[in-house]
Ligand SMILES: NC(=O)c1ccc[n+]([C@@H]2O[C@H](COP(=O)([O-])OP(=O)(O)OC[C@H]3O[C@@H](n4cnc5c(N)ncnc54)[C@H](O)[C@@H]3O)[C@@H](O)[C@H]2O)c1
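Single chain ahead, written as structure tokens, the form predicted alone.
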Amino acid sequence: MEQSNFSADAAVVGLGRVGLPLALTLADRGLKVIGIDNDPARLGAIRDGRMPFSESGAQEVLTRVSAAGTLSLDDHVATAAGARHIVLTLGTPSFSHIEIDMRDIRSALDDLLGVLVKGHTLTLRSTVAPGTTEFVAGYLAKHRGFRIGEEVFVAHVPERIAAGRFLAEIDTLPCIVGGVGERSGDVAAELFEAFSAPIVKTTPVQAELAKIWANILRYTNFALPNLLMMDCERYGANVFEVIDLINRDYPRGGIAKPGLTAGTCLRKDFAFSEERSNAPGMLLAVSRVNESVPLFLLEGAKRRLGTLAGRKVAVLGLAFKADTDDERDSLAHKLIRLLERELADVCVHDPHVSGPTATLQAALQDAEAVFLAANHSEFRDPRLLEKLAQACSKHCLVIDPWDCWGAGQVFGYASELATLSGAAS
């Protein structure tokens, strides 16, 4: 297949939360796009014109693209060779012993090796460990003899868009392009010129580091208030009052509020640096802080209520982030498992996730403890306080590390929260 014979402009391998919005927006800009995934249910939903997950505005784009016929679907990676630009948006997990798991990328490369031709561009869109883009280039050169940057082009163009904000940010966030060899950056950038965002060209490893450390920065920034929350519990201080003292009218403040810090990117991406770190253990310590929040909240509840065995406990929220249906690597699941090990009777409600959960009323009814595991906008509604007071037991303990209502209490009783919230406002 010669370059002039490509039947499509772009192929996106992996139609998850990174790949599908990219494929849809490229197709919506008039490009011919091949979308490839090995999940029959996901492909079936897309063929039926239904978004398989929540992404603001994406359903309307899918409807337009389906009508225009600019997106075709397949379940074979090799089909991607029909497009000039091949974009890999595959999962890049880490092994439990702090090592990047390259199996999905290696598998895709092996599927593509026999069908790649001169003129192809292979772009890594998922977050990868430093050196991965050069590895991909070397793999193609080793097994096919391609001159990378002259005959075949390889680049890393990291996804930097927040969950649920793809359409809002794809045209505004600077697009980092790290190309291997002399021309890979220029050629890979051509695909992303379909969007209005400025393109910033750099080396592959700098693109990789920029993405990883953006996530590490957030993960660390969120660990600090979580550790402060634990210190305040130890010393009998109020974490929200201390945060206010730190931040109020102080030019070097800016500490965030605590919460359950998780999600696939934040929980795993630090490992891509830790794998070969010059300060081994530093980022593991950050992870230990965030990972210990569910246990800290549970132990705090036990100090106030005593045993949780046989008590009804409501957990509000399964998603890892406010107002999203994405529950991958959410610490809410860890919290639920810990509560179950205490023999608590756990009832879960989340208005966003696709899986079945109890109704809000059912979750709250006669609950003796309520954990806010996600700060969805529904849970920040003051009317929820009224439902809590009416449905829960008389002395129900509410555990709210997010300070959803401004009551300023990580551990507070439902009967007091409305008064505290009103005083805070």
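What you see is a predicted model, and the numbers here were worked out from it, not measured in a lab. Residue numbers run from 1 along the displayed sequence.
Below, we turn to the form predicted together with the named molecule, even though it does not appear here.
**Q** Would you classify residue 211 as touching the named molecule in the model of the complex, given a 4.5 Å non-hydrogen atom cut-off?
**A** Because a heavy atom of residue 211 falls inside 4.5 Å of the named molecule in the model of the complex, the answer is yes.
**Q** So, in the model of the complex, is residue 227 in contact with the named molecule at a 4.5 angstroms heavy atom limit?
**A** No - in the model of the complex, heavy atoms of residue 227 and the named molecule never come within 4.5 Å of each other.
**Q** Given that the partner is absent here, does residue 107 sit within 4.5 Å of the named molecule in the model of the complex, heavy atoms only?
**A** Answer yes; at least one heavy atom of residue 107 falls within 4.5 Å of the named molecule in the model of the complex.
**Q** Does any heavy atom of residue 39 come within 4.5 Å of a heavy atom of the named molecule in the model of the complex?
**A** Residue 39: contacts the named molecule in the model of the complex.
**Q** Check each of 322, 232, 90, 338 and return the one that places a heavy atom within 4.5 angstroms of the named molecule in the model of the complex.
**A** Contact check passes for 90.
**Q** Just one of 271, 239, 265, 112 has a heavy atom within 4.5 angstroms of the named molecule in the model of the complex, so which one?
**A** By the 4.5 Å heavy-atom cutoff, the listed residue in contact is 265.
**Q** At 4.5 angstroms, heavy atoms only, are 258, 292 and 400 all close to the named molecule in the model of the complex?
**A** No, the candidate spot makes no contact with the named molecule.
**Q** Of 176-184, 124-132, 138-146, 245-253, which is the one stretch near the named molecule in the model of the complex, taking non-hydrogen atoms within 4.5 angstroms as near?
**A** Going through the listed ranges, the match is 124-132.
**Q** For the heavy atom contacts within 4.5 Å of the named molecule in the model of the complex, list the residues of 13-48 involved, in sequence order.
**A** Contacts from 13-48: 13, 14, 15, 16, 17, 18, 19, 36, 37, 38, 39, 42.
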